[in-house]
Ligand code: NZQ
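So this first bit is one chain, no partners, the form predicted on its own, shown in structure tokens.
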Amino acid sequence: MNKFTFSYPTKVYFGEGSVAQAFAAELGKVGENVMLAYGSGSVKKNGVYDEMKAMLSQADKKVVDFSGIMSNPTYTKVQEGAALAREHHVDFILAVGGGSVIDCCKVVSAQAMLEEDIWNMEYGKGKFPTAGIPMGAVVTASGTGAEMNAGAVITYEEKKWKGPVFGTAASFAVLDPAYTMSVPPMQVLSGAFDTLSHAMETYLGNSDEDNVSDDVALAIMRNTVVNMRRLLNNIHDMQARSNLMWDSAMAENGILKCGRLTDFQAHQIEHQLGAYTDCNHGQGLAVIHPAYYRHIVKDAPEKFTRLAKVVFNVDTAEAGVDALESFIKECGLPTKMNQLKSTVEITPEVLRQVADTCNVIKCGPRELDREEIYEILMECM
């Protein structure tokens, strides 16, 4: 294990009915003006919005709506939210939704208290925000683990860039699996695959032998696969949804990353693919992972072999990659670029731009160059 300092700032309220417990304990600590943030309106259709608004009203809060947060939140949307927060003197932000809503709000929280542009501050000066409007999260679609940290993934459309911007971590998060019941089945499975990806990419980073973080990561991977298969058998399985919700949280609360470096090259490739195509994140990862792993499987044979045995019950590293691809097909997730819902036609020219602009990770099993990234993308056509 490498030297590390671990801090976990988010208080989690887990289980059915936990939102009432969370609000009773937490809303008295925050100011009067609350920004209620959500996505395209599904929370209004399924009654979650009315439930949140009623509880906030009972707590004597004035509500400012921040709606329309898209599945790949844009930098323009962040700035819109920050301006709204300043205009209404927002004291607290309540993000109600999946990772996109929560990510957007984390950056809104920080940007609203800054006089300078947060992207320029982080990427131009290498400085990061130290304060933000306090926020909480009610998770309605799990998989990203966004409620567990201060990092956000934002699409800067003008720059054709999608990547991390650091904001404010939620002070508390509500993880009630009942809130995921109205999410379409494919979105549930896409989110769960993102969880699997997080655990795999963390595991395949640099670590010493018999690293406890590796053992925990393997357990999260196996549990995610088991419970995704349970949902394939019964999409309404509440126990499976509960397990997947906690798998998601565990994959991104920092525990798997303790004492080691991580890979996350597949995520970097998908982020830029998303910047050019606006494709679904989990589905983009499903397309990329098998091709990427076939390129690096011989660079970390022991780790791939162990993953194959523990997660997929097969004997060799190569068989493990095949089993991962078969599992993706079993779940009905896409395996080729033409199966992704995209705002543009995904052509070799588009993939060339993706390869030439994506971030290259230097601490995975092997550092890729841009030609090999392009090869990987073309193998997904």
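Start at 1 and count along the sequence shown; that's the residue number. Source: prediction; values computed, not measured.
One more form of this protein exists, namely the form predicted together with this ligand; it is left out here, but the text below deals with it.
Although this ligand is omitted here, in the predicted complex all of Gly151, Ser182 and His198 have a heavy atom within 4.5 Å of it. Contact with this ligand in the predicted complex, defined as a heavy atom within 4.5 Å, holds for exactly one of Gly136, Pro73, Gly81, Gly167, namely Pro73. A heavy atom within 4.5 Å of this ligand in the predicted complex is found for one listed residue only; from His267, Lys303, Arg260, Lys77, this is His267. Only one segment in the set 184-192, 307-315, 230-238, 291-299 has any non-hydrogen atom within 4.5 angstroms of this ligand in the predicted complex, and it is 184-192. Gln111 falls outside the set of residues with a heavy atom inside 4.5 Å of this ligand in the predicted complex. Although the partner is absent here, Gly320 is not a contact residue: none of its heavy atoms lies within 4.5 angstroms of this ligand in the predicted complex.
Using a 4.5 angstroms limit between non-hydrogen atoms, Pro334 is distant from this ligand in the predicted complex. Remark: Thr144 counts among the residues lining this ligand in the predicted complex, judged by a heavy atom distance of 4.5 Å or less. In the predicted complex, Gly39, Ser40, Gly41, Ser42, Asn46 are the residues of 27-53 with at least one heavy atom within 4.5 Å of this ligand, listed from first to last.
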